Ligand SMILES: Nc1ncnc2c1ncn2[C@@H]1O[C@H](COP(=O)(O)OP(=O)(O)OP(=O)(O)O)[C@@H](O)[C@H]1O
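Here's a solo chain for you in structure tokens, the form predicted alone.
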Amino acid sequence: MITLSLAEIAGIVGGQPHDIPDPAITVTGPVVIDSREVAPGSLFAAFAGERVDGHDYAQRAVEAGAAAVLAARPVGVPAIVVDDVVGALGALARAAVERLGTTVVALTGSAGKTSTKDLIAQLLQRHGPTVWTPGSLNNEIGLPLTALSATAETEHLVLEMGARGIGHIRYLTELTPPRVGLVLNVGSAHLGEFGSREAIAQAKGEMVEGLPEDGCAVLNADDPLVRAMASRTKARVLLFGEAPEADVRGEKVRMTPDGRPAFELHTPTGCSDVTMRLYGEHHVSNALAAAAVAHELGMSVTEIAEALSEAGTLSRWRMEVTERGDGVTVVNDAYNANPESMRAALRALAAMGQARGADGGRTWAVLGQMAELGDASLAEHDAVGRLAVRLNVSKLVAVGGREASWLQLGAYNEGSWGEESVHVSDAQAAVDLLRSELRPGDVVLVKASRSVGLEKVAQALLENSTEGEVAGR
């Protein structure tokens, strides 16, 4: 964070100093919301959650070195008291970004946000100091925390933005106004909350509405709902995708024998070949989006292709591919799931199985609920179960309650009448089944919405085993 005095912070957020002996004391460390992460000179933001109230940890934070606490009430230690801690955190982020003058790149989409953000970060790091959203901290708390971690040396600030309603992305872009705004796609994630893909498009398109005239809207040429957002911005539009008219385009897309995407990258300045370390054809679109951003910020096509070919995963539980010592490969993609990402992961699993040939092992899809699909939930779970059969996945293990049963029913109705699919009650039951039946050469995909906690399955399968290198890192 840039250095600010407590008096300056109080003025920015409209807060009242309490128990502050010297308003000239400066915040030189990070802004944190977990007292265990406090470093000397930090500002500790206290939030009252459902289970834990950060105000109860204010004294501990100051004892650990925090300069002060941003709080909703006096806490007996140096504090700046505000009516709304979330709003104050956002105001502080907005002021800090304005003073920094760094190039802000913001992105949103129904699927692929975090993977694409990680790719953009790895590309732009080659051109200068870059700060990016850790994991998926893309809401009204996570985004300001990321912005406040930037320093005077930061040249690029890459921010992932999520939305659960109309106006959410507009609010985030007002906190950290981007010069480059990227929209990846409009899919089915959060369909239960928005009601329709058109409503999702309305929310996602807020990304480009506030861009300046000298800014750039990076839009997916292959998604009609995203492409139509060109009419909602005054910024210059840069299209990416496989469509012939895309400015940054992928051609000759193919999969390597072990399931990694390769393609010919075309930009307005030339073309170059890319072979990715990541698994799954869905990463082609992510890579083209990242390439478009990098092109806009001055990287050459050769630099971009080289960086994409070397890039790995920065965020956990997203197509983490680990080979155990006994030859079983575990693909941990359990951070989250929606219909689009579920289909992409199944296709990647099928490609990895095909790469092993007739003498290779079996493919296992350990899948759980996709949350927040509303009235489309039954149809979407049924469709995923059917796709697993069509892709010749050796065995589908549906984990959990009603939605998981729909996955298994879809597979059954598609023709999985024997032992090719099974429904188990919970993660432990899945682990017990897999431990008893896995054999060398098998590939296991684990995927579900975050609330299901299926990462426990992948972690259990890797415990007490001699793990190989995690691929794509």
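All residue numbers are counted from 1 along the displayed sequence. Computed from a predicted structure; not experimentally measured.
Another form exists, predicted together with the ligand; not displayed. Remarks below refer to it.
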Is it the case that residue 295, even though its partner is missing from this view, gets within 4.5 Å of the ligand in the predicted complex, heavy atoms only? no
Though only this chain appears here, would residue 156 touch the ligand in the predicted complex if you measure heavy atom gaps against 4.5 Å? no
Verify the contact flag for residue 397: yes if a non-hydrogen atom of it lies within 4.5 Å of a non-hydrogen atom of the ligand in the predicted complex, no if not. no
At 4.5 Å between heavy atoms, is residue 340 in contact with the ligand in the predicted complex? yes
Output flag, 122, 130 and 313 jointly within 4.5 Å of the ligand in the predicted complex, heavy atom basis: no
Only one of 176, 336, 329, 233 has a non-hydrogen atom within 4.5 angstroms of the ligand in the predicted complex; which is it? 336
Taking the ligand in the predicted complex as the reference, which of 114, 188, 267, 322 has a non-hydrogen atom within 4.5 Å? 114
For the ligand in the predicted complex, the stretch among 302-310, 363-371, 78-86, 131-139 with residues bearing a heavy atom within 4.5 Å is 131-139
Within 286-305, the residues that have a heavy atom no more than 4.5 Å from the ligand in the predicted complex: 286
